[in-house]
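Just the one chain here, laid out as structure tokens, in the form predicted on its own.
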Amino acid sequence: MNVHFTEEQKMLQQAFREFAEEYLAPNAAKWDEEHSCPTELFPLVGELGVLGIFVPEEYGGVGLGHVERIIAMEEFGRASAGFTTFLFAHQLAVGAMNDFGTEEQKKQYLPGMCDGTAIWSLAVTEPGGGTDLYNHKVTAEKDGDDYIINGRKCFLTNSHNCDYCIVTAKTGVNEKGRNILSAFIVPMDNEGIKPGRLENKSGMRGSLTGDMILTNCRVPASAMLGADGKGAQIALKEIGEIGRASMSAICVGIMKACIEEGVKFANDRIIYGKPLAKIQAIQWHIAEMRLNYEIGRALIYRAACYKDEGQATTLWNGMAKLFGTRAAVESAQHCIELMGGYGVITEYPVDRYMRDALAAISPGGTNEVHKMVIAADTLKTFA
């Protein structure tokens, strides 16, 4: 494992940072206030290579790895956590197609997924619960050469602006009485699928999240992603390896933004005849923010290195997300306290950082889920 960036990775980091500072940072507050998602920037992100950064070149990707993807998520998350959530929700589908698609499906869909021609999403969560994966109510029943899908998905990022969606659905029951899940590629111009309720979120407001309603949605058997019965595997792998890692990296970006905002304010603000930064209690806030950032960064890049090496990442992504979300909230609080009354004035971005950090906790698994994963591995490893 090597968490030191290569020269190529440093150049990519600089390119991603420049893009974020030019296109994202100046507009992040506006998108947050309007609860809007700037889909017009999507093709530009495709041109930058971010969307398919880990996809082989033969399918239209860049052919790099997940360390490079995390670099992009951190730099973008520092400027606009909401917009970055919009991007990684698309990458959930990219990962699913890359990992589970047939050769024909990959050749048909991956180039457009990588260049930003079409926006995708992965619909797994249902009103009955997200963690209870096998309690699916959305069904896909065989009808000749087609499948007919019925049900409702919720908390779906890109629900109201995606062109395609990969939908998990129950296709049967096994001998133990457990649901068999499969996944289907559904274009949003299918008359049987439509967006439902659009959620008014407190954070991550540069992305759209809501329901998706499927009513006698007919798709051909060829729309099944990979093989029958792979739906749970697809959901667990992509949410666990793409979703949690992305949200962790976004939180690292939020932590860095908090440090930068706090240091700038502490240096500029004069109190008792000297800069706020000279006061020891203020320095303690800055020290805590730096510690959070460095630990969170070390965890997520270690997980990304393991991913690129082909090692299991469930434990490390779980630790990175558990720590990252908590630390991002804590860092935002430190920054707010450092700034005093100015910390809760919306003219400053710290209020947005706090709300985005709070909104990062649930997606990809709650903190309690990650504690279970960490505890199970620890009880086994240290026995």
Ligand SMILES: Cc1cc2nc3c(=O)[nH]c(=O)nc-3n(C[C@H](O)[C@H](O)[C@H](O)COP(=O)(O)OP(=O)(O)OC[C@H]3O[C@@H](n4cnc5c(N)ncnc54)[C@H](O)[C@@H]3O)c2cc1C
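Just count from 1 along the sequence shown to find any residue number. A quick note: this is a predicted structure, and the numbers were derived from the prediction, not measured.
Below: the form predicted together with the ligand, not depicted.
Interface residue remark: residue 129 is counted as part of the site for the ligand in the predicted complex, having a heavy atom within 4.5 Å. When contacts are judged by a 4.5 Å heavy atom cut-off, residue 9 does not count as touching the ligand in the predicted complex. In the predicted complex, residue 362 approaches the ligand with a heavy atom inside 4.5 Å.
Shown alone here, residue 125 lies within 4.5 Å of the ligand in the predicted complex, counting heavy atoms only. Contact with the ligand in the predicted complex, defined as any heavy atom within 4.5 Å, is confined among 285-293, 116-124, 306-314, 178-186 to 116-124.
A single residue from the set 201, 106, 160, 297 has any heavy atom within 4.5 angstroms of the ligand in the predicted complex; that residue is 201. Only one of 92, 140, 73, 212 lies close to the ligand in the predicted complex, with a heavy atom inside 4.5 Å, and it is 92. Contact with the ligand in the predicted complex, defined as a heavy atom within 4.5 Å, is made by all three of 156, 366 and 372.
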